[in-house]
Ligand code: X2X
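Before any questions on how it binds or moves, here is one chain, the form predicted alone, in structure tokens.
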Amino acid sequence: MTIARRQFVQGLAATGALAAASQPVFSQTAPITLKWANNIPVTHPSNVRIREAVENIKKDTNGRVDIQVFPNNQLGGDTDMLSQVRSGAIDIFPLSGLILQTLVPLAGINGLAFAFKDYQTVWAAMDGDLGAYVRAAINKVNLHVFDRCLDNGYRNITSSTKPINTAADLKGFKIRVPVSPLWTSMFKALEASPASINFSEVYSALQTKVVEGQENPLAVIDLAKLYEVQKYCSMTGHMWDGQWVLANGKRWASLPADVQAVITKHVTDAVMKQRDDIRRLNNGLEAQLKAKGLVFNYPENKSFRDALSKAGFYKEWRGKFGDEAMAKLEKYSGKLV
């Protein structure tokens, strides 16, 4: 090979090396496919924002990361999907802390009845030291939990038989509750008859009169069309509920740091946008649901709180959560007795 030819070949090789070096690292490595599942209707703001996040993650990783979303209980009910995210059959799954409580008892603490007076208090607690305390407990069961939780909203009671104006109206009332110890405990303390049913079965349970009523945020009542099988909506606002975004711990740890960073960034952005979506959605939902035939009433919470206190509900859960955890909650809620 002549000197000129050798220099030409070396120049081409150097040019190729420089071009390869200039390509993002994402384009040079194997593709990653993840499953994201949830129990939420496809049109709910949570799914709208997650689909946006998925597209942004794919774009920012040059197609390397493909997250497949399975909404609306496609992969099972809440308890099934919790098992699947722990086994690795599902990679990412948002879940109410009160259902996660079956695995991580502390995760249900935000659901203590009437703990949060408004959203300012909710986010101060959940994005602050109470949320950090809960996340530390979740991490101990080999689940990765993202720093910000989705908003599921303040929960209200619907019924096919009567409005719920006071705690006395709940006596013997057959109500669906999620599969959660705290939910069951609360409605038993109110002398109702709670039935633990996964959300995937709620509509049919109401339609067939297995239960008279249920409780959920307005957005869920609307998007799941529960107004078709319920007549009354009592604006009890008895608890605030959110969803922690969980990932299989082993799978998350196996992802390269750059991939983790991109996913975390876009999931966090999606969560913050979802919170604002829920706020704006709830502002107009009452009028929309009234137009669909749902009859609203507005009970005061005193009779419910008095009944819970008399039944020893707060005392029971103080013992279960412990003084340290309750102190972190009561920093925001005030004393719960």
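Predicted model, so just to flag it, every value in this text is computed and none were measured. Sequential numbering from 1, following the sequence displayed.
Same protein, other form: the form predicted together with the ligand, not shown, and the subject of what follows.
- For W244, no non-hydrogen atom is located within 4.5 Å of the ligand in the model of the complex, even though that partner is not displayed.
- When contacts are judged by a 4.5 Å heavy atom cut-off, L150 does not count as touching the ligand in the model of the complex.
- Contact annotation: P178 falls within 4.5 Å of the ligand in the model of the complex, judged by heavy atom distances.
- Taking the partner from the other structure, the ligand in the model of the complex has a heavy atom within 4.5 Å of a heavy atom of I99.
- Shown here without its partner, the chain carries F173, F187 and S196, none of which come within 4.5 Å of the ligand in the model of the complex through any heavy atom.
- Among N248, S159, T236, N216, the residue placing a heavy atom within 4.5 Å of the ligand in the model of the complex is N216.
- Though the ligand is absent from this view, in the model of the complex it lies within 4.5 Å of a heavy atom of just one residue from L294, I67, I40, L281, which is I40.
- Residues within 4.5 angstroms of the ligand in the model of the complex, judged by any non-hydrogen atom, belong to 150-158 and to none of the other stretches in 128-136, 113-121, 150-158, 251-259.
- In the model of the complex, not one residue of 121-137 has a heavy atom within 4.5 Å of the ligand.
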